[in-house]
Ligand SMILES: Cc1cc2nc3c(=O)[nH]c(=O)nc-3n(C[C@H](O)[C@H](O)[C@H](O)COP(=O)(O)OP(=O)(O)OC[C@H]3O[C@@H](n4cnc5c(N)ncnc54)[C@H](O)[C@@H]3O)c2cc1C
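A single chain comes next, written as structure tokens; it is the form predicted alone.
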């Protein structure tokens, strides 16, 4: 068993995706001795997911030393709401940079010291040790640290140990996701989709999409991709079928995309032909490897226990509708670094300040995301939620709330009176 000990504030980050790299970069820049540990043995692969960026994300990346330049993402200035026949029902002017998960990951990975990032390092458990914590890994190594940061996402192993009763709750619907290469579109659909953020509302469902860079980050017109997210109800029985592969194996923690049974993808395409505006029906037909994620909720009374803290989706799980997952992880990383920097002589005081600052915001974001989710007809909404959902399904409203920080939306009551 190896053990590494440092004389200055020693932080161990479990999870090497965006949340972990954000926390690692922020702490490294205030002088912490920090390492990031990712269970996947190789560099994380492109996940084919778009990220609608906001000013808070830009400020966080610039603080790390990553400039927000012309190569950061696809710039758009307009949002459209399309009817079933493809007619424009509403427009809204909103400047935004649309990035990709893969591009943001590569930027953060390059910014962090390579020798401090450990791939194939699987967290097993942690134990309180004096005023610190000892972190154990599957390879038999351990680290004495002052602080353990759980940045390992929705299915956090750190949260499972220290908050064992905190179980994410299924919201009753899934999000189909995917990207379509720009060259695969008809001229008519291309002219509608590739300069805008576009919304479509099939009955009881919700679909959004926008252009993003090519897999290699190329933003050249003709080489980009169109990213979409399609929220569709699925009761518990249907979800179980969707998460069961062709051999009959059920994947409770999420089915890998390549194991999704073909009939589920075909059902999605068929629904696209029957219910979507023509440009989006084309998206559903031409996407090559669509996958889905289950939509979950989780909020905690505290995100600090002793010398263990949670960040990102490890702390609060908000539905994706506000487009705030990565932005919240940025805010968590900034708040944690700022709290430690402002309390150099008391880590306990720093963690208390972090907990106070981010718990309230986490609960606010979960509530706002649930509010937006009322427009999905799961079959178990209350009368109040049905009415709220109808409010958000108004064309002029939906494009002013989706993928936007709740406190920046021009809707007068969104973010202030969540269901």
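Residue numbers count along the first chain shown, from 1. None of the values given here were measured: they were computed from a predicted structure.
Separately, the form predicted together with this ligand exists; it is not shown, and the next lines address it.
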query: If you check in the predicted bound form, is residue 153 within 4.5 Å of this ligand, heavy atoms only?
result: yes
inquiry  = Can you tell me whether residue 186 touches this ligand? I mean in the predicted bound form, with a 4.5 angstroms heavy atom cut-off.
reply    = no
task: May I ask you to state whether residue 27 is within 4.5 Å of this ligand in the predicted bound form, using heavy atom distances?
output: no
Is there a heavy atom of residue 209 lying 4.5 Å or less from a heavy atom of this ligand in the predicted bound form?
no
In the predicted bound form, the residue from 147, 82, 295, 326 with a non-hydrogen atom within 4.5 Å of this ligand is 326
In the predicted bound form, the residue from 393, 39, 63, 363 with a non-hydrogen atom within 4.5 Å of this ligand is 39
Would this ligand be touched by all three of 213, 280 and 414 in the predicted bound form, meaning a heavy atom each within 4.5 Å? no
Within 4.5 Å of this ligand in the predicted bound form, heavy atom basis, the matching stretch of 64-72, 353-361, 49-57, 378-386 is 49-57
In sequence order, the residues of 123-146 that place a heavy atom within 4.5 Å of this ligand in the predicted bound form are 123
